[in-house]
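Shown next as structure tokens: one chain only, the form predicted on its own.
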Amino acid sequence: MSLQEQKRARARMGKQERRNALIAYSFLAPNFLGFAIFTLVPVICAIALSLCEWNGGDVSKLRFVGLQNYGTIFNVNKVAEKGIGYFFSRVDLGIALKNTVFYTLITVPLTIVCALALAMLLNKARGAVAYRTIFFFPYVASMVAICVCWSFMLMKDGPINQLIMGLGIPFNKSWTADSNMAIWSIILVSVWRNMGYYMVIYLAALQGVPQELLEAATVDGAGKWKQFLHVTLPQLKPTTFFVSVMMIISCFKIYDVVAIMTDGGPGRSTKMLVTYIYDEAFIKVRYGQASAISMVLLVIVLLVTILQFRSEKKFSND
């Protein structure tokens, strides 16, 4: 092939590559535009707004205040004077953070255990399709309807308390009206609603567990429990990692259940980070401070996710 023919061939290949790249970019463009308009730009605006003071209305009243909003939400002066205990017992951000972390630490493992238990029970059971639909239905049902129904069931004379007292335990308080039980009512509803969704994910993962490993374990004399611990559970590690990451992010963003059932009360016993953001932005109309709290939430979720990925990589290497 002559030099001129080689140049023509390279030119044709270059045109084809550019054409393929343009086709690929055309498919990516709608998703990228949606991400840029509805996620990237709002995040950048929130970062900028967290450094400003603005109570809505006229944009000309927007005033740059630097890190003042962060100092206000952390109540730096009082915390420096009275110690970190003051932050978690009196400062709104500290109380919201403490409630959110407590809710996450209880909800995530409970949901994973319930979802995995349901998946194991329904994996090869008769009528499994019907049961899967029943358990998955709460996840797609109206959250308002779910919370209203559970609020009635958790009332002082509701069926849940009747069942508890039927077991001989004296308990006649409304769960959502008691400062100690309100957060447990939120946890109960969240676990009940979400376990069906994660059950489906575990069911899909169980289909991928090699039968040869289970058969080999049976030949070696392992019972069902040892097969689960030493064969099934390790095979489900990637799924459990995915579920835990998604659940932790979801728990830190909890809002709807709290807003419908307790509205952050009684007192501040169920105030979460997102409900705190809502109150600051739309009740007290302090957009700068609300944006600062949003940035704190973003950093927390980002750090937790990075730690999870690093721990997963470490365990995989081990």
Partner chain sequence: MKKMLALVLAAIMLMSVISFASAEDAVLTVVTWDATTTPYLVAQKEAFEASHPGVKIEYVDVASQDYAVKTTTMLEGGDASDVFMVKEIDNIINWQAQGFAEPLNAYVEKTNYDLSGFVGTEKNYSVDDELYAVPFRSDFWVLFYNKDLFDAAGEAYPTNDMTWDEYADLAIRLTKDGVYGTHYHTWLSAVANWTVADGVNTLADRNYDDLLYFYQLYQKLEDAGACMAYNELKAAGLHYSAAFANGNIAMLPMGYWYVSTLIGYNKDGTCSFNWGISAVPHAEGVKAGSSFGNLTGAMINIKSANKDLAWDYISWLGGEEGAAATASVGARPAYVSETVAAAMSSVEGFPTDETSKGALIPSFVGMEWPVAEKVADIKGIVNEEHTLIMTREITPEEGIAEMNERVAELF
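For the two forms, the rigid core is made up of the largest set of C-alpha atoms that agree within 1.5 Å on superposition. Remember, it's a predicted structure, so these values are computed and weren't measured experimentally. Numbering follows the first chain given and starts at 1.
Beyond what is shown, the protein has a form predicted in complex with the partner chain; the following relates to that form.
Student: Is residue 77 near the partner chain? Define near as a heavy atom within 4.5 Å, in the model of the complex.
Tutor: Looking in the model of the complex, residue contacts with the partner chain do not include residue 77, since no heavy atom lies within 4.5 Å.
Student: With the cut-off set at 4.5 Å between non-hydrogen atoms, does residue 284 touch the partner chain in the model of the complex?
Tutor: Heavy-atom contact with the partner chain at 4.5 Å: present for residue 284.
Student: So, in the model of the complex, is residue 230 in contact with the partner chain at a 4.5 angstroms heavy atom limit?
Tutor: No, residue 230 sits far enough from the partner chain in the model of the complex that none of its heavy atoms falls within 4.5 Å.
Student: Contact between residue 152 and the partner chain in the model of the complex at 4.5 Å, heavy atoms?
Tutor: Looking in the model of the complex, residue contacts with the partner chain include residue 152, since a heavy atom lies within 4.5 Å.
Student: Could you list the residues in 49 to 63 that come within 4.5 Å of the partner chain in the model of the complex, counting only heavy atoms and keeping sequence order?
Tutor: Contacting residues: 54, 55, 56, 57, 58, 61.
Student: Core-aligned, is the CA shift for residue 286 between the shown form and the other one 2 angstroms or more?
Tutor: Shift of 2 Å or more: yes.
Student: Relative to the superposed rigid core, does the CA atom of residue 62 travel 2 Å or more between the shown form and the other one?
Tutor: Shift of 2 Å or more: yes.
Student: My question is whether residue 49 is one of the residues whose C-alpha shifts by 2 Å or more between the shown form and the other one, given a fit on the rigid core.
Tutor: Residue 49: C-alpha displaced by 2 Å or more between the shown form and the other one.
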